[in-house]
Ligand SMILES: NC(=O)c1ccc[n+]([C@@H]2O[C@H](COP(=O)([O-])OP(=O)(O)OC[C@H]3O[C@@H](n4cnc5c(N)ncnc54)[C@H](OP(=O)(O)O)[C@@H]3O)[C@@H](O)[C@H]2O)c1
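Let's start with one chain on its own, the form predicted alone, as structure tokens.
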Amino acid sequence: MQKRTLGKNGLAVSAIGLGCMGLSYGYGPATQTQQAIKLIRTAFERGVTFFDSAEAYGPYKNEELLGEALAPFRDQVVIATKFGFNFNAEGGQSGMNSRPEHIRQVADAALKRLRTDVIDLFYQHRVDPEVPIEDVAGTVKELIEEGKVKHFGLSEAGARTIRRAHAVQPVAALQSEYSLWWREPETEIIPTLEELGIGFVPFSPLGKGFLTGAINENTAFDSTDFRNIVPRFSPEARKTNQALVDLLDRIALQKKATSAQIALAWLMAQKPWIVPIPGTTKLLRLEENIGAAAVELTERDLHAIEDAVSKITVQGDRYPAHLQARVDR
């Protein structure tokens, strides 16, 4: 698989990464450990070198899973993880926390769980309104100087926050939602990243599974699946948003690809420093996602997609109100 570079400091990763959250958290019951390890190692065998985790996924279980799965080839992969939350005794999130002392505690704990001596990319998971971003960036800068972290990242940060952080410690990558059904980053975020030389790592590049075509208005999610509370996944919204999937199906048929591959190829065609991190629990879907790296969309294809998508209005907010409030503007 081809490599792409995130940020000006030369963080080279596979053109498509693996978002590992769903193996432990968010989309129903956790995947059985050995099955998850097999999937992660298969991804590596197929050329994926970029693996995304966070202490919040579980919490803690996802980092432990990656630590075990990637141990045999740790020096050949890039591991990203995140800080920024407190957790209660039951494992639920109990507020944001990006205070410097907490960042340090999370880094030390993550190093142990990941079975490594350095975190390749350390993201602030969400911008903490109670802690100046300069303090956050300064703390990660110290961790980089100490050799515990290689690169600094932000997640769901607004343009002003990105600039303030980058002035203290160069930001290698921003991780935020971006896909054919969530294009807000194009307005202000992508121009800011291009100006500053920061890579972009879109999470949910397949619209939390919707753009694969495997979900329709009648799909029933597991009771623990967080999509149950996402407005964009209400049955009514899914019925309306099917028009976007139908469009991808038509294009995929012409390109001898799948809807998911077209959605991922479209993202990668936007900028050479965009690296999507689709997640999956299934080997078949993993192979499909990786195959997107070989799908070439011409300028004519991209214009056709743009023209068709411009006629479709996606229905429903991407987060319920209490989660949307955490997104930095």
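For every residue, the number given is its place in the sequence shown, counted from 1. Remember, predicted model here, so these are calculated numbers, not experimental data.
There is also a form predicted together with the ligand; it is not shown, and the following applies to it.
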{"item": "Triple contact flag S98, G153 and E194 to the ligand in the predicted complex, non-hydrogen atom at 4.5 angstroms", "value": "no"}
{"item": "Per-stretch contact check against the ligand in the predicted complex, the hit in 248-256, 183-191, 109-117, 125-133 (non-hydrogen atom, 4.5 angstroms)", "value": "125-133"}
{"item": "Contact assignment for the ligand in the predicted complex, among E55, E68, D301, E288, heavy atom within 4.5 Å", "value": "E288"}
{"item": "Partner-contacting position among F44, Y60, Y27, W273 - heavy atom within 4.5 Å of the ligand in the predicted complex", "value": "Y27"}
{"item": "Exercise: T139 in contact with the ligand in the predicted complex, heavy atom 4.5 Å", "value": "no"}
{"item": "Interface membership of Q169, the ligand in the predicted complex, 4.5 Å heavy atom rule", "value": "no"}
{"item": "The ligand contact in the predicted complex: T212, any heavy atom under 4.5 Å", "value": "yes"}
{"item": "Any non-hydrogen atom of I277 within 4.5 angstroms of the ligand in the predicted complex", "value": "yes"}
{"item": "Heavy atom contacts to the ligand in the predicted complex at 4.5 Å, residues of 181-214 in sequence order", "value": "F203, S204, P205, L206, G207, K208, G209, T212, A214"}
